[in-house]
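Let's start with one chain on its own, the form predicted on its own, as C-alpha coordinates.
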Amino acid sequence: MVHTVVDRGTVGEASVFRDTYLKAYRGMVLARVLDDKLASLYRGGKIHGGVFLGRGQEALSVAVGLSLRKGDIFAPLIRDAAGRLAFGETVLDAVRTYMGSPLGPMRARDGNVHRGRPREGLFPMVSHLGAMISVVNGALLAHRFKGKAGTVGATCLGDGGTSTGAFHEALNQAAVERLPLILVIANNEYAYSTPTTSQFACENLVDRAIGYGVKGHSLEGNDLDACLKTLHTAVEQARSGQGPQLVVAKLLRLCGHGEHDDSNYVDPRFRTAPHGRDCLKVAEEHLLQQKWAEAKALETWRNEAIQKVEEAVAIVQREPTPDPYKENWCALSAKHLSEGYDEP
(Lines give C-alpha, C1' and ligand atoms only; values in the text may rest on other atoms or scores of the structure.)
Protein backbone atom coordinates (compact mmCIF):
# COMPACT_ATOMS: atom_id res chain seq x y z
CA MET A 1 0.00 0.00 0.00
CA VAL A 2 1.10 3.54 -0.69
CA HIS A 3 -0.15 6.44 1.41
CA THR A 4 -0.13 9.34 -1.00
CA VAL A 5 1.71 12.44 0.12
CA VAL A 6 -0.14 15.26 -1.57
CA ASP A 7 2.27 17.19 -3.76
CA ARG A 8 1.77 20.91 -3.30
CA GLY A 9 3.54 21.54 -6.57
CA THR A 10 1.57 21.27 -9.78
CA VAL A 11 -0.44 18.89 -11.88
CA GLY A 12 1.13 19.79 -15.19
CA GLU A 13 1.87 23.49 -15.63
CA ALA A 14 0.83 25.89 -12.88
CA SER A 15 -1.47 27.73 -15.24
CA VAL A 16 -3.20 24.48 -16.21
CA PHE A 17 -3.81 23.62 -12.58
CA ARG A 18 -5.12 27.12 -11.94
CA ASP A 19 -7.62 26.73 -14.76
CA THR A 20 -8.64 23.32 -13.42
CA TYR A 21 -9.08 24.76 -9.94
CA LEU A 22 -11.27 27.57 -11.25
CA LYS A 23 -13.37 25.12 -13.25
CA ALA A 24 -13.71 22.89 -10.20
CA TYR A 25 -14.72 25.79 -7.97
CA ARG A 26 -17.42 26.91 -10.38
CA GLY A 27 -18.69 23.33 -10.52
CA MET A 28 -18.85 23.27 -6.73
CA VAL A 29 -20.85 26.50 -6.69
CA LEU A 30 -23.29 25.18 -9.28
CA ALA A 31 -23.76 21.96 -7.31
CA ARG A 32 -24.35 23.88 -4.05
CA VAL A 33 -26.88 26.21 -5.68
CA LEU A 34 -28.66 23.25 -7.28
CA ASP A 35 -28.78 21.37 -3.97
CA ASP A 36 -30.13 24.43 -2.16
CA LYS A 37 -32.86 24.82 -4.78
CA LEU A 38 -33.83 21.15 -4.58
CA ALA A 39 -34.04 21.43 -0.80
CA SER A 40 -36.31 24.46 -1.17
CA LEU A 41 -38.56 22.64 -3.64
CA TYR A 42 -38.73 19.65 -1.30
CA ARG A 43 -39.77 21.81 1.64
CA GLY A 44 -42.37 23.44 -0.59
CA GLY A 45 -43.93 20.09 -1.45
CA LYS A 46 -42.77 20.13 -5.07
CA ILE A 47 -40.54 17.06 -4.75
CA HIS A 48 -41.67 13.68 -3.49
CA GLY A 49 -39.23 11.14 -2.06
CA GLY A 50 -35.92 11.85 -0.41
CA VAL A 51 -33.59 14.73 -1.12
CA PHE A 52 -29.95 14.13 -0.21
CA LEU A 53 -27.50 17.00 -0.37
CA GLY A 54 -23.76 17.04 -0.99
CA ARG A 55 -23.14 20.10 1.16
CA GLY A 56 -19.58 19.84 2.45
CA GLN A 57 -18.57 17.14 -0.02
CA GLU A 58 -18.43 19.15 -3.23
CA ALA A 59 -14.63 19.45 -3.37
CA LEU A 60 -14.11 15.69 -3.24
CA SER A 61 -16.97 14.99 -5.62
CA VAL A 62 -16.02 17.51 -8.28
CA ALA A 63 -12.43 16.24 -8.22
CA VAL A 64 -13.66 12.74 -9.07
CA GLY A 65 -15.75 13.95 -12.00
CA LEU A 66 -13.01 16.18 -13.41
CA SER A 67 -10.32 13.49 -13.12
CA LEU A 68 -12.22 11.25 -15.54
CA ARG A 69 -12.52 11.58 -19.30
CA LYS A 70 -14.85 10.49 -22.07
CA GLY A 71 -15.04 6.71 -22.23
CA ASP A 72 -14.49 6.29 -18.50
CA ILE A 73 -17.15 5.07 -16.06
CA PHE A 74 -18.53 7.01 -13.12
CA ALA A 75 -20.95 5.55 -10.59
CA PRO A 76 -21.80 8.40 -8.19
CA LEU A 77 -23.52 8.21 -4.82
CA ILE A 78 -26.26 10.35 -3.30
CA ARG A 79 -24.01 13.32 -2.43
CA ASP A 80 -22.21 13.53 -5.75
CA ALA A 81 -24.07 16.32 -7.54
CA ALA A 82 -20.77 18.14 -8.12
CA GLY A 83 -19.14 15.04 -9.58
CA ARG A 84 -22.13 14.30 -11.78
CA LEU A 85 -22.11 17.82 -13.21
CA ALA A 86 -18.34 17.70 -13.74
CA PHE A 87 -18.67 14.39 -15.57
CA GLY A 88 -21.29 15.81 -17.93
CA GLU A 89 -24.72 15.57 -16.32
CA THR A 90 -26.87 18.59 -17.09
CA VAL A 91 -28.76 20.62 -14.51
CA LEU A 92 -31.88 19.90 -16.56
CA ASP A 93 -31.39 16.13 -16.20
CA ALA A 94 -31.10 16.48 -12.43
CA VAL A 95 -34.14 18.74 -12.04
CA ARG A 96 -36.30 16.65 -14.37
CA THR A 97 -35.56 13.52 -12.38
CA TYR A 98 -36.23 15.11 -9.01
CA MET A 99 -39.49 16.66 -10.21
CA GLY A 100 -40.71 13.54 -12.00
CA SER A 101 -40.64 14.83 -15.56
CA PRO A 102 -41.11 12.11 -18.21
CA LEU A 103 -38.54 13.99 -20.32
CA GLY A 104 -35.78 13.20 -17.82
CA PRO A 105 -33.23 10.43 -18.34
CA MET A 106 -35.25 7.99 -16.20
CA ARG A 107 -38.56 8.96 -17.88
CA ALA A 108 -40.19 9.57 -14.48
CA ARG A 109 -39.78 5.90 -13.64
CA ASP A 110 -37.33 6.23 -10.78
CA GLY A 111 -36.70 8.85 -8.21
CA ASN A 112 -34.14 11.45 -7.50
CA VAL A 113 -30.67 9.94 -7.10
CA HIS A 114 -31.28 6.86 -9.28
CA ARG A 115 -30.50 8.65 -12.49
CA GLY A 116 -27.85 8.41 -15.15
CA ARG A 117 -26.98 7.78 -18.76
CA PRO A 118 -25.15 4.44 -18.91
CA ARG A 119 -24.26 4.77 -22.59
CA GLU A 120 -22.28 7.86 -21.65
CA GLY A 121 -20.61 6.10 -18.72
CA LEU A 122 -22.74 7.74 -16.02
CA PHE A 123 -24.31 4.90 -14.06
CA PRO A 124 -27.53 5.27 -12.04
CA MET A 125 -26.81 4.27 -8.47
CA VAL A 126 -28.09 1.21 -6.67
CA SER A 127 -29.25 2.16 -3.18
CA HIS A 128 -27.75 -0.90 -1.49
CA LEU A 129 -24.47 0.51 -0.21
CA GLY A 130 -21.39 -1.01 -1.75
CA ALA A 131 -23.31 -2.46 -4.69
CA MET A 132 -21.94 -0.02 -7.25
CA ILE A 133 -18.37 -1.30 -6.81
CA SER A 134 -19.23 -4.64 -8.38
CA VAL A 135 -21.26 -2.89 -11.10
CA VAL A 136 -18.21 -0.85 -12.08
CA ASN A 137 -16.05 -3.97 -11.86
CA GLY A 138 -18.34 -5.67 -14.34
CA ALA A 139 -18.15 -2.77 -16.75
CA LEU A 140 -14.36 -2.69 -16.52
CA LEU A 141 -14.17 -6.42 -17.16
CA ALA A 142 -16.43 -5.92 -20.19
CA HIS A 143 -13.99 -3.30 -21.48
CA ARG A 144 -11.16 -5.78 -21.00
CA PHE A 145 -12.98 -8.59 -22.81
CA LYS A 146 -13.70 -6.23 -25.72
CA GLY A 147 -10.08 -5.13 -25.90
CA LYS A 148 -10.92 -1.58 -24.88
CA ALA A 149 -7.84 -0.26 -23.10
CA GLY A 150 -7.05 2.97 -21.29
CA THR A 151 -10.34 3.43 -19.47
CA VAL A 152 -10.94 3.60 -15.74
CA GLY A 153 -13.99 3.35 -13.51
CA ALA A 154 -14.72 5.36 -10.38
CA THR A 155 -17.35 5.01 -7.73
CA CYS A 156 -17.96 6.63 -4.36
CA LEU A 157 -18.99 5.37 -0.96
CA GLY A 158 -19.46 6.64 2.57
CA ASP A 159 -17.63 5.31 5.60
CA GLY A 160 -20.65 3.22 6.60
CA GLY A 161 -20.67 1.42 3.26
CA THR A 162 -17.22 0.00 3.97
CA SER A 163 -18.79 -2.21 6.63
CA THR A 164 -20.86 -4.13 4.08
CA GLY A 165 -20.08 -7.48 2.53
CA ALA A 166 -20.55 -5.94 -0.91
CA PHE A 167 -17.59 -3.62 -0.24
CA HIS A 168 -15.34 -6.52 0.77
CA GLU A 169 -16.28 -8.85 -2.06
CA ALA A 170 -16.09 -6.24 -4.82
CA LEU A 171 -12.83 -4.62 -3.67
CA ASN A 172 -11.28 -8.07 -3.31
CA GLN A 173 -12.40 -8.94 -6.84
CA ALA A 174 -11.00 -5.67 -8.22
CA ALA A 175 -7.67 -6.36 -6.52
CA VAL A 176 -7.41 -9.93 -7.78
CA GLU A 177 -8.28 -8.87 -11.33
CA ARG A 178 -6.15 -5.71 -11.07
CA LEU A 179 -8.97 -3.61 -12.43
CA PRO A 180 -8.49 0.13 -13.05
CA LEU A 181 -10.95 0.98 -10.29
CA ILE A 182 -10.89 4.16 -8.21
CA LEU A 183 -12.92 3.72 -5.04
CA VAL A 184 -13.48 7.01 -3.23
CA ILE A 185 -14.54 6.89 0.42
CA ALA A 186 -16.02 10.00 2.00
CA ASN A 187 -15.37 9.51 5.70
CA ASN A 188 -17.85 12.04 7.09
CA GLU A 189 -17.81 10.67 10.66
CA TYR A 190 -21.30 9.18 10.50
CA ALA A 191 -23.13 6.40 8.68
CA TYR A 192 -26.45 8.22 8.84
CA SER A 193 -26.37 8.70 12.64
CA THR A 194 -23.92 5.93 13.59
CA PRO A 195 -20.48 7.33 14.48
CA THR A 196 -17.35 5.80 13.01
CA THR A 197 -16.30 4.59 16.46
CA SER A 198 -19.15 2.08 16.23
CA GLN A 199 -18.31 1.09 12.66
CA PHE A 200 -14.63 0.14 12.52
CA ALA A 201 -11.65 -0.25 14.83
CA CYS A 202 -8.79 0.64 12.47
CA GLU A 203 -7.24 4.05 12.94
CA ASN A 204 -7.91 5.12 9.36
CA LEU A 205 -10.00 3.47 6.66
CA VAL A 206 -7.09 3.79 4.26
CA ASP A 207 -5.32 1.17 6.37
CA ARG A 208 -7.68 -1.38 4.85
CA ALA A 209 -6.03 -0.95 1.47
CA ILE A 210 -3.05 -3.11 2.39
CA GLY A 211 -5.33 -6.00 3.31
CA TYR A 212 -6.71 -6.10 -0.21
CA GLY A 213 -3.39 -5.46 -1.93
CA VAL A 214 -4.45 -2.11 -3.39
CA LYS A 215 -2.92 1.35 -3.20
CA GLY A 216 -4.26 3.74 -0.61
CA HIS A 217 -4.45 7.54 -0.65
CA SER A 218 -5.64 9.73 2.22
CA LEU A 219 -6.44 13.43 2.23
CA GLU A 220 -8.51 16.21 3.76
CA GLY A 221 -11.74 16.12 1.81
CA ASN A 222 -12.61 19.79 2.20
CA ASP A 223 -9.36 20.95 0.55
CA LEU A 224 -10.02 21.32 -3.18
CA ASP A 225 -6.30 21.59 -3.91
CA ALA A 226 -5.62 18.24 -2.23
CA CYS A 227 -8.69 16.62 -3.79
CA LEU A 228 -7.75 17.57 -7.34
CA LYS A 229 -4.14 16.47 -6.97
CA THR A 230 -4.87 13.21 -5.16
CA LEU A 231 -7.63 12.13 -7.56
CA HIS A 232 -5.46 13.03 -10.54
CA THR A 233 -2.70 10.82 -9.15
CA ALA A 234 -5.04 7.93 -8.32
CA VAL A 235 -6.71 7.98 -11.74
CA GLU A 236 -3.41 8.12 -13.60
CA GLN A 237 -2.04 5.23 -11.58
CA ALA A 238 -5.12 3.12 -12.28
CA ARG A 239 -5.05 4.06 -15.96
CA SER A 240 -1.39 3.08 -16.26
CA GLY A 241 -2.05 -0.47 -15.05
CA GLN A 242 -1.24 -0.14 -11.36
CA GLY A 243 -4.51 -1.68 -10.23
CA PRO A 244 -7.27 -0.42 -7.94
CA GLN A 245 -6.85 2.77 -5.94
CA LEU A 246 -8.56 3.37 -2.59
CA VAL A 247 -8.98 7.07 -1.82
CA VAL A 248 -10.15 8.02 1.67
CA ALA A 249 -11.10 11.61 2.37
CA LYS A 250 -11.86 12.98 5.81
CA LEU A 251 -14.62 15.59 5.86
CA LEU A 252 -17.90 16.46 7.54
CA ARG A 253 -21.39 16.32 6.11
CA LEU A 254 -22.68 19.87 6.59
CA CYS A 255 -26.32 18.83 6.60
CA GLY A 256 -28.48 15.93 7.68
CA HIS A 257 -28.43 12.55 6.02
CA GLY A 258 -31.36 13.88 4.00
CA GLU A 259 -33.62 16.90 4.17
CA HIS A 260 -35.79 14.93 6.60
CA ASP A 261 -32.92 14.74 9.12
CA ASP A 262 -31.80 17.61 11.38
CA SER A 263 -28.43 15.92 12.22
CA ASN A 264 -28.72 16.78 15.93
CA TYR A 265 -26.58 13.72 16.69
CA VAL A 266 -23.41 15.28 15.24
CA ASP A 267 -20.77 15.96 17.88
CA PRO A 268 -20.27 19.77 18.04
CA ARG A 269 -16.50 19.25 18.16
CA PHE A 270 -16.54 18.05 14.56
CA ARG A 271 -18.15 21.27 13.37
CA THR A 272 -15.21 23.32 14.66
CA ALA A 273 -12.50 20.87 13.58
CA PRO A 274 -10.39 21.64 10.48
CA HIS A 275 -12.11 18.94 8.44
CA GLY A 276 -15.48 20.40 9.44
CA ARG A 277 -14.91 23.61 7.51
CA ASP A 278 -17.04 24.31 4.44
CA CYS A 279 -15.07 23.26 1.36
CA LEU A 280 -16.54 26.15 -0.62
CA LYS A 281 -15.18 28.67 1.88
CA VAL A 282 -11.80 26.93 1.87
CA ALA A 283 -11.67 27.09 -1.93
CA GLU A 284 -12.73 30.74 -1.99
CA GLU A 285 -9.99 31.69 0.47
CA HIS A 286 -7.44 29.85 -1.65
CA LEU A 287 -8.58 31.61 -4.83
CA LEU A 288 -8.29 35.01 -3.21
CA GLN A 289 -4.94 34.26 -1.57
CA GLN A 290 -3.47 33.02 -4.85
CA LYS A 291 -4.97 36.03 -6.68
CA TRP A 292 -6.61 33.65 -9.14
CA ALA A 293 -9.92 35.46 -8.79
CA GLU A 294 -11.40 38.54 -7.19
CA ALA A 295 -14.40 38.70 -4.90
CA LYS A 296 -16.47 40.28 -7.67
CA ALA A 297 -15.80 37.31 -9.94
CA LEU A 298 -16.90 34.88 -7.22
CA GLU A 299 -20.18 36.78 -6.87
CA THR A 300 -20.68 36.80 -10.64
CA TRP A 301 -20.14 33.05 -10.90
CA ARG A 302 -22.63 32.40 -8.12
CA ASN A 303 -25.23 34.59 -9.79
CA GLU A 304 -24.67 32.75 -13.06
CA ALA A 305 -25.20 29.43 -11.28
CA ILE A 306 -28.41 30.70 -9.70
CA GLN A 307 -29.70 31.83 -13.08
CA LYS A 308 -28.85 28.49 -14.68
CA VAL A 309 -30.65 26.51 -11.96
CA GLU A 310 -33.69 28.81 -11.93
CA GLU A 311 -34.01 28.52 -15.71
CA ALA A 312 -33.91 24.73 -15.52
CA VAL A 313 -36.56 24.65 -12.80
CA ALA A 314 -38.77 27.03 -14.79
CA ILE A 315 -38.50 24.77 -17.84
CA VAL A 316 -39.40 21.64 -15.89
CA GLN A 317 -42.31 23.31 -14.11
CA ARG A 318 -43.86 24.04 -17.52
CA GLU A 319 -43.45 20.44 -18.68
CA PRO A 320 -46.33 17.98 -18.34
CA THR A 321 -46.20 15.40 -15.58
CA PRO A 322 -46.95 11.74 -16.36
CA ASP A 323 -50.61 10.79 -16.34
CA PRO A 324 -50.89 7.56 -14.29
CA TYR A 325 -54.04 6.57 -16.19
CA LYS A 326 -52.58 7.02 -19.65
CA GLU A 327 -48.91 6.27 -19.17
CA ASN A 328 -47.66 2.90 -20.38
CA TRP A 329 -45.58 1.99 -17.33
CA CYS A 330 -43.16 -0.32 -19.11
CA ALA A 331 -39.51 -0.71 -18.19
CA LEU A 332 -36.78 1.62 -19.38
CA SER A 333 -35.49 -1.22 -21.55
CA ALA A 334 -38.54 -0.81 -23.82
CA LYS A 335 -37.51 0.39 -27.27
CA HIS A 336 -39.27 3.75 -27.15
CA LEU A 337 -37.72 4.57 -23.75
CA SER A 338 -34.24 3.10 -24.10
CA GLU A 339 -31.14 5.25 -24.47
CA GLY A 340 -30.56 6.29 -28.02
CA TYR A 341 -34.23 6.84 -28.74
CA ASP A 342 -34.69 10.11 -30.63
CA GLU A 343 -37.01 12.31 -28.66
CA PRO A 344 -39.31 14.56 -30.67
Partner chain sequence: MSITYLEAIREAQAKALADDPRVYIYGQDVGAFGGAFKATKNLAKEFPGRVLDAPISEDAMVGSAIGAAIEGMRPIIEMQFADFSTIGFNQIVNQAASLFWRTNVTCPITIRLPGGGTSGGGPFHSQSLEAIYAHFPGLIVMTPATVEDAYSMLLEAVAIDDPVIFFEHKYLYYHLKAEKLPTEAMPTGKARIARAGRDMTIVAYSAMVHEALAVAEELATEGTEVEVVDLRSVKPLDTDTIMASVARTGRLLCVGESWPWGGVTAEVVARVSTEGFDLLDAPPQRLNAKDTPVPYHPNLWAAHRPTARSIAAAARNLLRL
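Positions refer to the first chain, counted from 1. These numbers come from a predicted model, not from an experiment. Take the two forms, superpose them, and find the largest set of C-alpha atoms that agree within 1.5 Å; that set is the rigid core.
Quick note: we don't show the form predicted together with its partner chain, though the next part is all about it.
**Student:** Counting any heavy atom within 4.5 Å as contact, can you tell me which stretch out of 293-301, 42-50, 274-282, 65-73 lines its partner chain in the model of the complex?
**Tutor:** This holds for exactly one stretch, 42-50.
**Student:** Just give me the single entry in 151, 172, 134, 199 that has a non-hydrogen atom within 4.5 angstroms of its partner chain in the model of the complex.
**Tutor:** Selected residue: 199.
**Student:** Among 232, 208, 114, 239, which has at least one heavy atom within 4.5 Å of its partner chain in the model of the complex?
**Tutor:** The option sitting close enough to the partner is 114.
**Student:** Residues 88, 90 and 268 are flagged as a possible site; in the model of the complex, is every one of them within 4.5 Å of its partner chain by some non-hydrogen atom?
**Tutor:** Zero of three within 4.5 Å in the model of the complex.
**Student:** Counting only non-hydrogen atoms and a 4.5 angstroms cut-off, does residue 327 reach its partner chain in the model of the complex?
**Tutor:** Yes, residue 327 is a contact residue.
**Student:** Taking heavy atoms only, is residue 104 within 4.5 angstroms of its partner chain in the model of the complex?
**Tutor:** Answer no; every heavy atom of residue 104 is more than 4.5 Å from its partner chain in the model of the complex.
**Student:** Using a 4.5 angstroms cut-off on non-hydrogen atoms, would residue 99 count as touching its partner chain in the model of the complex?
**Tutor:** Result yes; residue 99 sits at the interface with its partner chain in the model of the complex.
**Student:** Does residue 142 reach its partner chain in the model of the complex if we count a contact as any heavy atom within 4.5 Å?
**Tutor:** Residue 142 lies outside the contact set for its partner chain.
**Student:** Going through 245-263 from first to last, which residues have a non-hydrogen atom within 4.5 Å of its partner chain in the model of the complex?
**Tutor:** Contacts from 245-263: just 261.
**Student:** With both forms fit on the core, is the shift of the CA atom of residue 327 between this form and the one not shown 2 Å or larger?
**Tutor:** After core superposition, the displacement of the residue 327 C-alpha between this form and the one not shown reaches the 2 Å mark, so yes.
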